[in-house]
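Before any questions on how it binds or moves, here is one chain, the form predicted on its own, in structure tokens.
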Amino acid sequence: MWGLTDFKQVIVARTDLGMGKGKLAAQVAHASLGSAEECRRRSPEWYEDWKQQGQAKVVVKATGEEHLRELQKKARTLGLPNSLIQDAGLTQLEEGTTTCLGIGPAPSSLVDKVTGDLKLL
């Protein structure tokens, strides 16, 4: 059914925390992996199509935790796989700090309904 559809994953990262580049990269990786794993369990056909198409990923900015939670609520409403990341607190951030949200992989048109107006990181 989705064979002619473009798939992508979007990772939304908070810009208000002042994370170092390495920390930010690690948090984005956690969100990407967590969301992809959820997709593989819930929608294996989306996951496989995304992999076949090169695993497109886009990283965009969020203004804060409330913004991430609003986006997660929209993603859930649309039935999109997602993963909200909270830091373990071992380095730069306090334990439990919400840092990123992974959405998808899913059809690009659906993901864009949640993240299409956000600025690239």
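Since we're looking at a predicted model, the values are computed, not measured. For every residue, the number given is its place in the sequence shown, counted from 1.
The form predicted together with another copy of the chain exists for this protein as well; it is not shown, and the discussion that follows is about that form.
Does Trp46 reach another copy of the chain in the predicted bound form if we count a contact as any heavy atom within 4.5 Å?
Looking in the predicted bound form, residue contacts with another copy of the chain do not include Trp46, since no heavy atom lies within 4.5 Å.
Look up in the predicted bound form whether Leu17 has a non-hydrogen atom within 4.5 angstroms of another copy of the chain, and give yes or no.
Heavy-atom contact with another copy of the chain at 4.5 Å: absent for Leu17.
Hey, in the predicted bound form, does Leu78 get a heavy atom within 4.5 angstroms of another copy of the chain?
Heavy-atom contact with another copy of the chain at 4.5 Å: absent for Leu78.
Would you please decide whether Arg69 lies within 4.5 angstroms of another copy of the chain in the predicted bound form, comparing each non-hydrogen atom pair?
Close contact is absent here: in the predicted bound form, Arg69 is far from another copy of the chain, nothing within 4.5 Å, heavy atoms only.
I have Glu37, Gln55 and Val59 flagged as a candidate spot, so tell me whether each of them has a non-hydrogen atom within 4.5 Å of another copy of the chain in the predicted bound form.
Yes: each residue has a heavy atom within 4.5 Å of the partner.
Taking another copy of the chain as it sits in the predicted bound form, which residues of 89-121 have a non-hydrogen atom within 4.5 Å of it? Please list them.
Heavy-atom contacts to another copy of the chain in the predicted bound form: only Leu121.
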